[in-house]
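The chain that follows stands alone, in the form predicted on its own, written as structure tokens.
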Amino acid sequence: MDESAKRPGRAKRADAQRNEQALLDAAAAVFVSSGIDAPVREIAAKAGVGMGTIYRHFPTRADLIVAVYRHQVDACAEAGPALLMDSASPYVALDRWVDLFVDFLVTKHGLAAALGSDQASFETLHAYFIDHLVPTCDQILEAAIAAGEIRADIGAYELMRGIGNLCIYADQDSRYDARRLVGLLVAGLRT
């Protein structure tokens, strides 16, 4: 991580923040399309920055992987309230959020595999995932339940775990459509 970001009271320059954001978005997209071991130059090209910029922000591949994971968790968590406000109904918000969550999970499995050798880091990231995404999912579920759109006998953790299980290894079998099965799961929540 950039040293200036670690020092209290010292904010990153606006261009440094934009570069970091572009790098995280580009790295997430490249990891989905080319895998965790994609060349750093591919990420730099997609982000429109030089290799030095990547290494200045993320000195090691592990630093980049951890940052992408946290970035994606944050984006998925932030999307929940926005979807609730902008969607025609809480059920529509839930359906759209689940799509984002599924997109995240496809990348998450690759990230988890890359972090497999560092169990302590993975446990910390898993806790970050739970702490940020379960409350978001719960907020959307509660709104849909209150609107009478879905069953009341499902919890956020349970739903997210079910979705996660449907997404495991989805990228390893072209005949398996995890998104379709997750859609069936969410449709089954309707009252």
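Everything numeric in this text was worked out from a predicted model, so none of it was measured. Rigid core here is just the name for the largest C-alpha set that superposes within 1.5 Å across the two forms. A residue's number is simply how far along the shown sequence it sits, counting from 1.
Absent from the display: the form predicted in complex with the DNA. The rest refers to it.
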{"query": "Contact test, all of Arg41, Gly50 and His57, partner the DNA in the model of the complex, heavy atom 4.5 Å", "finding": "yes"}
{"query": "Partner-facing stretch of 33 to 41, 134 to 142, 158 to 166, 65 to 73, counted where any non-hydrogen atom is within 4.5 angstroms of the DNA in the model of the complex", "finding": "33 to 41"}
{"query": "The unique member of Ala170, Ala16, Leu181, Ala22 whose heavy atoms fall within 4.5 Å of the DNA in the model of the complex", "finding": "Ala16"}
{"query": "is_contact(Arg151, the DNA) in the model of the complex, heavy atom dist at most 4.5 Å", "finding": "no"}
{"query": "Partner contact for Arg61 in the model of the complex: the DNA, 4.5 angstroms, heavy atom", "finding": "yes"}
{"query": "Threshold 2 Å Cα movement between the shown form and the other one for Ile163, core superposed", "finding": "no"}
{"query": "Cys137: Cα shift of 2 Å or greater between the shown form and the other one (core-aligned)", "finding": "no"}
{"query": "Closer or farther: C-alpha pair Ala38/Leu166 in the model of the complex, relative to this form, given a change of 3 Å or more", "finding": "closer"}
{"query": "Note on Arg161-Ile36 C-alpha separation in the model of the complex, which departs from the shown form by 3 angstroms or more", "finding": "closer"}
